[in-house]
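One chain is shown next in structure tokens, namely the form predicted alone.
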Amino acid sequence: MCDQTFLAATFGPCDNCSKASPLMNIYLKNEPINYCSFCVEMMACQGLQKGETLTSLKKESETLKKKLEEERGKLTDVELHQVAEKVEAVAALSIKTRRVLKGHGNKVLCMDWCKDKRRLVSSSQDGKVIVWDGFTLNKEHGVTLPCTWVMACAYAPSGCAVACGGLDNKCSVVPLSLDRTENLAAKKKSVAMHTNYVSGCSFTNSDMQLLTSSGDGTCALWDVESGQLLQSFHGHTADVLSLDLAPSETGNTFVSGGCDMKANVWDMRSGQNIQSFESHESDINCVKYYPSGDAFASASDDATCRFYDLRADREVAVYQKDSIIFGASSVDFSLSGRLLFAGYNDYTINVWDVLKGNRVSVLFGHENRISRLRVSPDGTALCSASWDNTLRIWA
């Protein structure tokens, strides 16, 4: 979800026929190749059996998809809100803005908390990445990147570095220094390289590996030290807009969502897409794991948030109201998992009861759409980033 569309149209000689034409960036066995549309069509037809056509194979895949949905439907016995009928309702919430972080000169596009529960990093359309002290509101570090639209940022688990990326198709890691006068931009190291914009990034459970999602339709795992591609993940048919790592320290899975309206769960070791969910009716802007790691939520431009149980392999709840007509841009869970915070394009944050499926509160304060929501590591605060150039800390 964005107010501009980014296209990575490359033009040059085809790797197969050598003719100069518009090229499609595709991967074969993790190797990037640039083929013209004719050569891609020819390659797709090479493995066809006698009597098979691309049209017949598409029909067959659609039939198999329908059969899978029918089998899933047979296992659907009860909805989440029915199971939770006897659970006590959530008590009245008193969540207010406690801090307003001002300093960016344009839309704030992303933010992330440090594991120390105090510092946070934000990135903006003004091309700046700022590290803040959430208690004092002091700006501890500032890095100006060579391009605007810094769409992704993440804090390293150790708190000693931040990663950031955007329209330059790269994701860079910046080591943080105790010396506030030091030029951090000079120490910036380019780690990831995609063929389209970087939409999201996240460190794995160490500072040494970085996971990225991109507008080129792929996700990738990188080694921070060498900048080497360790694993690439292909399965989305359009821009990937968000990713989230499983919360378990030994977890080797992550979930991604994108413009193809699909949420995919991946195995980081094999690069395989192990589960896929297609129930949204528009772009998926954000995906977020449930604290236990057994489920995840998604936010979409179709004005709904949805909750998927990985063990049941299906959607178990939809969070929507007739009065909500604007897209949802970001989601996160409370520490207990009972509350789901969702940011919307109508400048509000809605708080949902995960079990019962009803809205328990609405938070007002921002003056433009919400781009990112994150609950602090200790669960005591919520930070929201917005296109009104500010961040707010709620508690």
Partner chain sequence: MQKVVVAMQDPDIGIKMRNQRLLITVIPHAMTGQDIITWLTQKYNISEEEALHLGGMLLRYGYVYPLKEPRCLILQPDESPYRFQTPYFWTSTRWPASELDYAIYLAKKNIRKQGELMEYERERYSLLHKRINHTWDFVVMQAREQLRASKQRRKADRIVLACQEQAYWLINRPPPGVQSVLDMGLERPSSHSVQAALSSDFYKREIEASRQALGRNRVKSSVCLEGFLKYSEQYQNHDPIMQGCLPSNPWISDDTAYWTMNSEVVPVPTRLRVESWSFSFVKLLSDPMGRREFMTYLEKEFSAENLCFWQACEDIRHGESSRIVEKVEDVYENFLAPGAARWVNIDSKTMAKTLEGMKCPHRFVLDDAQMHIYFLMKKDSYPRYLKSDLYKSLLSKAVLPQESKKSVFPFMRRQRHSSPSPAQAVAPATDDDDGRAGSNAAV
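Basically, rigid core = biggest C-alpha set you can superpose within 1.5 Å across the two forms. Bear in mind the structure is a predicted one, so any value in this text is a computation, not a measurement. Numbering follows the first chain given and starts at 1.
Quick note: we don't show the form predicted together with its partner chain, though the next part is all about it.
Using a 4.5 angstroms threshold between heavy atoms, N368 counts as touching its partner chain in the predicted bound form.
Taking non-hydrogen atoms only, L339 approaches its partner chain to within 4.5 angstroms in the predicted bound form.
When contacts are judged by a 4.5 Å heavy atom cut-off, G215 counts as touching its partner chain in the predicted bound form. Taking the partner from the other structure, its partner chain in the predicted bound form has no heavy atom within 4.5 Å of any heavy atom of A185. Shown here without its partner, the chain carries Y35, C147 and S279, none of which come within 4.5 Å of its partner chain in the predicted bound form through any heavy atom. Contact annotation for 288-321: residues with any non-hydrogen atom within 4.5 angstroms of its partner chain in the predicted bound form are Y290, P291, S292, D294, A295, D301, F307, D309, L310, R311, A312, D313, R314, V316, K321, listed in sequence order. In a rigid-core overlay of the protein, E60 has its C-alpha displaced by at least 2 Å between this form and the one not shown.
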